[in-house]
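Here you get one chain, nothing else, as structure tokens; it is the form predicted alone.
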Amino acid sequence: MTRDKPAPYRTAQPDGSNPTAGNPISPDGVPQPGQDYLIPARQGRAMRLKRGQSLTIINPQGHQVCDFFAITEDSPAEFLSMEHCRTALGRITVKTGDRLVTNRRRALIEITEDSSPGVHDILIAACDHTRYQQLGCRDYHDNCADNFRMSLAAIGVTPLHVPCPFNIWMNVPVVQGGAFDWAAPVSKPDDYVVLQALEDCIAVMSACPQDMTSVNGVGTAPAELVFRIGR
């Protein structure tokens, strides 16, 4: 018996679709300072950040995880890299004041404020179509990898890689023996995180659609996020 070969992997090609692709914050992804932008539940949005600008991400319901990605403006092959952040920080957790680095080990994003208890994740890959198939989905399920792809496509950018995201408010406790668990966020309604761009970059945020584990809360559904750029 011969086994069917998988289809060629195309980094920029989503496995499905949702309204993300047709709803950029602006045609070129440039935000208006001080304006609140909504990321509907299960969708993503991309925006351009200039060096020195601050991005505030708000969790209105308190239980929603934000998958945060960033690629450098001048080179899409350079991106915020959790593998390199773990090496640079010397730990698997983050805190206010940390500078998060790229796959070239350059500081790209600084965590300047955090109103939550500070429980975030830098271990887990973005959910994708294959992950939901492994969890038992037979049909297409919205996912953060596709939200990343579609958010960039909406502003005319082609990704060269789907990086592991900075999972804001995601609670993945490491237990005895090195295993980890999927736990509900400990953040509360209207908690926020402020990130400052240390270089020009494109930030992508996904309101994680995960509803088959407890990472977006127990007895809750994926919810919206809000973000704004400082004036």
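Position 1 is the first residue in the sequence shown; the rest follow in order. Everything quoted here is computed from the prediction, not taken from an experiment.
One more form of this protein should be noted, the form predicted together with a further copy of the same chain, which is absent from this view; the next part is about it.
- Heavy atoms within 4.5 Å of a further copy of the same chain in the predicted complex belong, among the stretches 33-41, 170-178, 58-66, 188-196, to residues of 170-178.
- Proximity of residue 90 to a further copy of the same chain in the predicted complex: non-hydrogen atoms within 4.5 Å are present.
- Using a 4.5 angstroms threshold between heavy atoms, residue 114 stays clear of a further copy of the same chain in the predicted complex.
- In the predicted complex, residue 134 approaches a further copy of the same chain with a heavy atom inside 4.5 Å.
- a further copy of the same chain in the predicted complex is approached by residue 11, whose closest heavy atom lies within 4.5 angstroms of it.
- Taken together, 105, 130 and 164 are fully in contact with a further copy of the same chain in the predicted complex: each brings a heavy atom within 4.5 Å.
- In the predicted complex, a further copy of the same chain lies beyond 4.5 angstroms of every heavy atom of every residue of 16-47.
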